[in-house]
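Here we start with a single chain on its own, the form predicted alone, put down as structure tokens.
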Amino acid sequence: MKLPQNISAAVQQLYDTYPFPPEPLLDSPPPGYNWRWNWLSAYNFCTGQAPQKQNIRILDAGCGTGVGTEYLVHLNPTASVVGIDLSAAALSVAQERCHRSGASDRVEFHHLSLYDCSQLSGEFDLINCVGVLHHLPDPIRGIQSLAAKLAPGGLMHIFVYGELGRWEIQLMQQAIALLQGDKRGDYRDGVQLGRQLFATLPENNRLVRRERERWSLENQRDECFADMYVHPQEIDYNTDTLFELIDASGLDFLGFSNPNYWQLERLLCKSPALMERATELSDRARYRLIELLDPEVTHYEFFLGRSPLPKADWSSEKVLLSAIPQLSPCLHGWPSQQLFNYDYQLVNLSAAEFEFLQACDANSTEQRTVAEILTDGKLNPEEVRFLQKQQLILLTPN
């Protein structure tokens, strides 16, 4: 079976055969959270402050079986959500998923390509596009199509593959394609062939080791194995080609959503001389240097935005003290002095910090300022700034 000349048709055929992601359907809201899908947390990450509105419109572009769509509905209780996808089989699962978890009243689905999202009415405040652009024949056309639907002051969250951390995946993809020959496009045959390869290669083979170390748990499911190893279309990026894609969107780059990886200090802190040389580099050149020195990037996850998108400056104590603080919606284990933050990293709060966060938690009704909460003197403004930088609290200018 040869691949269809139309790449989009081949991609649709893959996901009709193996609807993805293959997460189980639940009769309750999904567990935990992904802060990137929570409007309050995402907006705070990008601008340093809470958004002025919450009754927003969200587009899940390339929603697949609706795993992200379901989270978008439950994590944003006053938002309306639209999901689009090329695969009718995946959309059917997405509809059933949202129906079973009680998310169907605020979501609608459309059988559409990203290229055709202009057919959707209106604009969107948040566009989520995870794992899709790199499977398009023309990612630039895809991102431009999405950008045209982003409202002023809106955010776009994107996830695309990185070439350096997926090198072994690329090799196995090519090996399977070679062995399939005229059967390429028969995805069930490709999965069977790929599994046979991994079972046959020596234990110390580099491709086998990488699969075992990074992917084997999820790839027990054929849907995941097919998505990784027999996909008919994949474009992997480095930071140079990534920013070509970003520039083509016409939107502003707001930052990677895993900022700790992109800190050069973690690699070169032992050499002040090297760090000094690196200060002469542009931001983009510094990103490239980081991924070259630590080539484990399997994907890039980042935010783009459309102006006007004002960023808060809390350096003024007067401005900080007059702000209205609220607890981050993405904390696991609250209320407790030991909890997991928005990125599921363990945080140990002091008694004073815990008391302050309790006051912020009650602020949804009381609307007290930072100054009013700090009257007990147990915390100082600098410690409040630290809580904000850690994204444990969100601040609204007053």
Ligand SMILES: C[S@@+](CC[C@H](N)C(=O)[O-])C[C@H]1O[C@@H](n2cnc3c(N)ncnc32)[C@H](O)[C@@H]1O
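What you are looking at is a predicted structure, and each value in this text was computed from that prediction instead of being measured. One rule holds for the numbers: they count along the sequence shown, beginning at 1.
There is also a form predicted together with the named molecule; it is not shown, and the following applies to it.
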Among 81 to 89, 277 to 285, 167 to 175, 254 to 262, the stretch whose residues bring a heavy atom within 4.5 Å of the named molecule in the model of the complex is 81 to 89
Can you check whether G185 is within 4.5 Å of the named molecule in the model of the complex, heavy atom basis?
no
Mark D227 yes when one of its heavy atoms lies within 4.5 Å of a heavy atom of the named molecule in the model of the complex, and no otherwise.
yes
Can G131 be called a contact residue for the named molecule in the model of the complex at 4.5 Å between heavy atoms?
yes
Residue-level question: is L59 within 4.5 Å of the named molecule in the model of the complex, judged on heavy atoms?
no
Which residue among L136, I324, L268, L327 has a heavy atom within 4.5 angstroms of the named molecule in the model of the complex?
L136
All three of V11, P21 and C63 touching the named molecule in the model of the complex at 4.5 Å, heavy atom to heavy atom?
yes
Heavy atom contacts to the named molecule in the model of the complex at 4.5 Å, residues of 102 to 118 in sequence order
L112, S113, L114
